[in-house]
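So this first bit is one chain, no partners, the form predicted on its own, shown in structure tokens.
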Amino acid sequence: MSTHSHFVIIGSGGAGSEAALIIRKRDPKCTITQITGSKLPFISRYELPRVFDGVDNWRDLLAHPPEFYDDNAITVRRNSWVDHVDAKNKKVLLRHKEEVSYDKLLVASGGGGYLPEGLREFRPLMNGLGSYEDAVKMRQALPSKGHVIMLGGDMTGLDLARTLVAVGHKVTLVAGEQLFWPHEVEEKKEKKFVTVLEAMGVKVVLGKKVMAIRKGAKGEPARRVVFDDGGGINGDAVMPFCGLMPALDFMIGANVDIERGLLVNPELKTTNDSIWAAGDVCQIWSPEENSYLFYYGWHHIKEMGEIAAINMTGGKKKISTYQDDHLYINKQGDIDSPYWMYR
């Protein structure tokens, strides 16, 4: 009977994929299984704006070539959804009733786009950017020089906005509380960054509350955003960018602590000795800072996957409590952010 450890990773994004690679390097004989709802190999969401810049083959966006997984003996269970985790018996239960046993589990399921309660009823009239399929669908729906209305204004949305403007589309941002999230920007500086954003070609609407999203009237653009003062704007598509919500429903009842995310220590271990977490899904308690930390951005997420893997395989490494979270104006006079992959 084999005594090799079985590492199960929920999620195939930046944290999960990096962790799988590091685990394999540190434990050549172990078994590694990644479980993901995606139908495609790992494509970073930070790569998705490139779809609007002419990349029309998903293979050009892959973080690793398909043979990477075979070469590293990593089993990837695609199009598989976790129903819940039985931490007591160390099992992951899938929606199609299959059970996957583990010795050590990494939760790296990431986060989905957060939608404020007042906008949820209008979800069918909005476009998301959570996957390659979403990006392609959005690109196909946009006419030449189309008009995209963005709601909120987090850094993921602004990254897409600068790409859309660069390829000839019009972008109007109806700014909300999430403007520049996850950056925390002082009010005086926020005005300066808004001015720069408009100079980059993004029209910014301030002080308006969205009350409804409607289908456009006949002969008008496909969507209309209605404000609380009765006014509104027309556009070809509406996209919400209001921050992230950790994807954690399947961990409810797993006997691990959950705050705003899955609670972990600086070594990324949860309150269960066999479960770690990495990426957007977790919240880090830092004794040194006496506070909770969230780490965002592709390079931070990749680092978290590495640290979790080291500790899962017998090492001892803590994540740095410092995170560069400053919003910049670069030499070209444009907004720049450490949360963007291409700066």
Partner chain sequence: MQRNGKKATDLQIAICGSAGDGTIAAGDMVKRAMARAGYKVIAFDVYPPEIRGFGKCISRVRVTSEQVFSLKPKSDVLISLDDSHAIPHVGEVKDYGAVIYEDMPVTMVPEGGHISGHLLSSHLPYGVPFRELSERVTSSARSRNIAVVGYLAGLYGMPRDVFYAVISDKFKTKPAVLTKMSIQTFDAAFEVGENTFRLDEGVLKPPPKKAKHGELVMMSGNGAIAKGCMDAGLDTFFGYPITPATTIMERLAVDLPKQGKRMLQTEDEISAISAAIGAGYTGARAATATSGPGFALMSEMMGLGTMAEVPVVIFVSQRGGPSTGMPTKTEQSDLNIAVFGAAGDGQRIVLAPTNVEGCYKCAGKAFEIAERYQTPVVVLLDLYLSNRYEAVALPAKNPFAANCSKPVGKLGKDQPYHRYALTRDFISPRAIPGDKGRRHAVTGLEHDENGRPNDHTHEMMSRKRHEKLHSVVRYPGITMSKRFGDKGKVDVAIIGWGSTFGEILEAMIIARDEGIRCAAMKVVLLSPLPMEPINALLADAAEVLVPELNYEGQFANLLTGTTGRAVTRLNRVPGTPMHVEDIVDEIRRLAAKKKGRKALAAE
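This structure is a prediction, so every number in the text was calculated from the model and none was measured. Residue numbers count along the first chain shown, from 1.
What follows is about the form predicted in complex with its partner chain, which we do not show.
Of the listed positions (Lys188, Lys145, Arg120, His96), a single one reaches within 4.5 angstroms of its partner chain by any non-hydrogen atom in the predicted bound form, namely His96. Think of it this way: in the predicted bound form, its partner chain has a heavy atom of just one of Ser101, Asn234, Asn265, Asn255 within 4.5 Å, and the residue is Ser101.
Within 4.5 Å of some heavy atom of its partner chain in the predicted bound form lies at least one heavy atom of Pro41.
When its partner chain is considered in the predicted bound form, Trp58 lines it closely, a heavy atom lying within 4.5 Å. Put simply, Asp86 is far from its partner chain in the predicted bound form: not one heavy atom of it is within 4.5 Å. Although the partner is absent here, Pro66 is a contact residue: one of its heavy atoms lies within 4.5 angstroms of its partner chain in the predicted bound form. The chain is drawn here without its partner chain; in the predicted bound form, the stretch among 130-138, 159-167, 104-112, 241-249 whose residues come within 4.5 Å of it by any heavy atom is 130-138.
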